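A single chain, nothing else alongside it, follows as structure tokens in the form predicted on its own.
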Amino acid sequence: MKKLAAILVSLLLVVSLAACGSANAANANNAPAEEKTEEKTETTPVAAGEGLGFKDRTKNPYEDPMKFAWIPTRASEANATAWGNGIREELSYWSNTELNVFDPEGDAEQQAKIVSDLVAQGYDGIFLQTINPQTLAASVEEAENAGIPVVCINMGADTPHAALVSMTDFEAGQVIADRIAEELGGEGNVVVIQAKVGAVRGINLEDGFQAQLKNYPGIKILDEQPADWNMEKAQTVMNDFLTAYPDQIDAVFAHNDQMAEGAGMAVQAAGKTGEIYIWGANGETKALEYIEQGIITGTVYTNCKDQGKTAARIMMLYLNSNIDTSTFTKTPVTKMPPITVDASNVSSITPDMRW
């Protein structure tokens, strides 16, 4: 049984990495320039058997009731809804499962309390998008030690846990830098609308963007300001940029689509649509519509529903085996394949793929 469980973990990691590789091969024209990025990812895949322990199963996941929790950073956000829908759809194949959603409303301390409460209530598994990896570390460790696997989505915790199913943030920053450089012919000025200060995803996107821009000495970053992931704040920040640099801005990099949308509205109100390239990241439906309307230039799309499904498949793999995820010394990471989207291929993101 132990050998079988180890093989299952190996297959899971090989399949997930192969999926990323095949998707990137299919989108070779959109691939970022080669660069060593090992230190930029939160963790690396775990080899089968590394920190791998086993336990006796206390439930039959095909027959006994199984109760799961989904705890995003904010339940109202579009990607949180898409991730939750993917989790729910995949779990629906098991008629004995129940999924409950808990909303910490952006409060990391509240999110940690929710996790601890769920441990006390004896949940079978927790899906989590951490607000702050450090703040959530203790409660995630508590859950794992109680035999409750924690599968994180997009943002993990600073402690080993069952799995992290992540977007490709550093690589997305690289791709966007390359695309802006191509559009500007290697010469021009960029402003950056940043995530909330300290947000790990924003840091990784920015690191990838900055690293790739070193290949384009003719491109200058005029200014950077945070807008806290928020569309209205981003519109204000972009208005301020347009006032400070009225005829100097050639492109905008926003750390997420909502901020790109806010920048697009500000540029549109200033009568400069089509004059300034605007890039976001995530691929939410509204951003795709703005690309179709010519309000923003592009985004790096991830199928968040499939990301949620992948997280649920990994969770059920663990619960269908006797693998003890609390013994892991590293967190296994599955990266979802990204698609670079602009006006030339936005129609390929069909309605069933949008979120």
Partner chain sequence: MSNIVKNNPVVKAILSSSRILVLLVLVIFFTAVTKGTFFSYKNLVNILYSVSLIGIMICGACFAVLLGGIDRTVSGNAALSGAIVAMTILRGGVGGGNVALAICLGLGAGILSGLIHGLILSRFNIPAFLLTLATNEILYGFVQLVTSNTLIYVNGCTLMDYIGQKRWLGIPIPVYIMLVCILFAYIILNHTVYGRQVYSVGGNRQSSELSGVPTRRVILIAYIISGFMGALAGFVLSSMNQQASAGQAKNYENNVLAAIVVGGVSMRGGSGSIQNAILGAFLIGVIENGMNLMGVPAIYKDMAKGIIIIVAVAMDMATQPGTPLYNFMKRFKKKAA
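Not measured: the values here are computed from a predicted model. Numbering follows the first chain given and starts at 1.
One more form of this protein, predicted in complex with the partner chain, exists but is not displayed; see below.
> Is there a heavy atom of residue 268 no more than 4.5 Å from a heavy atom of the partner chain in the predicted complex?
Answer yes; at least one heavy atom of residue 268 falls within 4.5 Å of the partner chain in the predicted complex.
> Verify the contact flag for residue 171: yes if a non-hydrogen atom of it lies within 4.5 Å of a non-hydrogen atom of the partner chain in the predicted complex, no if not.
Residue-level check for residue 171: no, no contact with the partner chain.
> In the predicted complex, is there a heavy atom of the partner chain that lies within 4.5 Å of any heavy atom of residue 261, even though the partner is absent here?
Residue 261: contacts the partner chain in the predicted complex.
> With the partner left out of view, is residue 184 within 4.5 angstroms of the partner chain in the predicted complex by any non-hydrogen atom?
Judged by the heavy-atom cut-off of 4.5 Å, residue 184 is well away from the partner chain in the predicted complex.
> So the partner chain isn't shown here. In the predicted complex, which residue out of 68, 328, 290, 318 has a non-hydrogen atom within 4.5 Å of it?
Answer to the contact question: 290.
> Scan 200, 75, 211, 137 and let me know which has any heavy atom within 4.5 Å of the partner chain in the predicted complex.
Filtering the options by heavy-atom distance leaves 75.
> Given the stretches 126 to 134, 141 to 149, 97 to 105, 212 to 220, which is the single one in contact with the partner chain in the predicted complex, using a heavy atom cutoff of 4.5 Å?
Among the listed stretches, the partner-contacting one is 97 to 105.
> For the stretch 109 to 146, I need every residue with any heavy atom inside 4.5 Å of the partner chain in the predicted complex, listed N to C.
If the 4.5 Å heavy-atom criterion is applied to the partner chain in the predicted complex, 109 to 146 yields nothing.
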